[in-house]
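The chain that follows stands alone, in the form predicted alone, written as structure tokens.
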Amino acid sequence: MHTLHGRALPVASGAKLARPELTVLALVGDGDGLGIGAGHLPHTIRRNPDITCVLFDNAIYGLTKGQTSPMTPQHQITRSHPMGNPDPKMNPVLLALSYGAGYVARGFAGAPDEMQRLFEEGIRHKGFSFIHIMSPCVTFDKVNYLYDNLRSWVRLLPAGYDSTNLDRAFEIARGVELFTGLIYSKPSLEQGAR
């Protein structure tokens, strides 16, 4: 269902409560998921409903004509900041880890096979799962989140990476390199975790 901007997580949580047998995904952008609806993320993670939140990050408000979003790089010129964005961008992976999400991943729209794998894993995870997808806005961002730039910036997680190591997941999230893949996964509800 299409909901109010920024309210996908409460609606998805309500749908799961009403119909627990459903597979529920909340598809959000960086503006509504980290801006107008940002207050819903920590509480949804805290409640740990069995839903998957996919945050499509194009680093700009694409639907409302190119204003600065919480993911717009600092100093980037946008329609709402003609002198450049004064604020540093947010870190959605670090936020999800900090709030205690049991499944946290990052993907890139230019790697659809990896995205499919992350979506399938996130859906199978019992409890809240969070997937950050970096995706260009070909209309309003002609500077940073271009396919060629993203291809050169993203890296697959190193071979042998242990996605159950929370300390290592925090290191990856805090680092300057943009690693893609399953960053953290704790045991699911079915395995006895809360």
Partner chain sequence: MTYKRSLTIEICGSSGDRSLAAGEILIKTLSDIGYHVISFDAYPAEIRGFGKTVAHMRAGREIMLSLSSKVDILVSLNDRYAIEQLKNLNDEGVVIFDNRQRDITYEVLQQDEGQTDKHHLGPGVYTEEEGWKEITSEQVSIAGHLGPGMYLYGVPLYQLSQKTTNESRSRNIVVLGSVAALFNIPKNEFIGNLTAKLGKKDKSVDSVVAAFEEGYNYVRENVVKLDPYSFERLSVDRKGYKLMDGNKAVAQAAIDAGCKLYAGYPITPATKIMEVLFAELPKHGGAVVQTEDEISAIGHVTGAGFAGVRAMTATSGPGFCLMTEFIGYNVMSETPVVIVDSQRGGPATGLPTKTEQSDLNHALFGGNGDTPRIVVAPTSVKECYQWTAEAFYLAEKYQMPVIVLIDLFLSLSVRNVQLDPLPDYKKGSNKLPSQEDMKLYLRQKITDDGVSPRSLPGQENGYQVVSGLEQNEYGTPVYDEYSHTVMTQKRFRKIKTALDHDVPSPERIGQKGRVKLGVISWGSTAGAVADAVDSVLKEGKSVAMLKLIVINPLKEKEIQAFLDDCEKVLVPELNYQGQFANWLSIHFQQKFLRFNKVATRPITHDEIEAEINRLLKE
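Numbering follows the first chain given and starts at 1. All of these numbers come straight from a predicted model, not from anything done at the bench.
Omitted from view is the form predicted in complex with its partner chain, to which the following refers.
> Can you check whether residue 25 is within 4.5 Å of its partner chain in the predicted bound form, heavy atom basis?
Looking in the predicted bound form, residue contacts with its partner chain do not include residue 25, since no heavy atom lies within 4.5 Å.
> Taking its partner chain as it sits in the predicted bound form, is residue 175 in contact with it (heavy atom to heavy atom, 4.5 Å or less)?
No, residue 175 sits far enough from its partner chain in the predicted bound form that none of its heavy atoms falls within 4.5 Å.
> Decide whether residue 10 counts as a contact residue for its partner chain in the predicted bound form under a heavy atom distance cut-off of 4.5 Å.
Although its partner chain is absent here, residue 10 would touch it in the predicted bound form, with heavy atoms inside 4.5 Å.
> Is there a non-hydrogen atom of residue 40 within 4.5 angstroms of a non-hydrogen atom of its partner chain in the predicted bound form?
Looking in the predicted bound form, residue contacts with its partner chain include residue 40, since a heavy atom lies within 4.5 Å.
> Based on heavy atom distances of 4.5 Å or less, which listed stretch (128 to 136, 144 to 152, 159 to 167, 32 to 40) is in contact with its partner chain in the predicted bound form?
Residues of 32 to 40 come within 4.5 Å of the partner.
> Between its partner chain and 3, 17 and 47, in the predicted bound form, does every residue show a non-hydrogen atom at 4.5 Å or closer?
Yes, each of 3, 17 and 47 comes within 4.5 Å of its partner chain in the predicted bound form.
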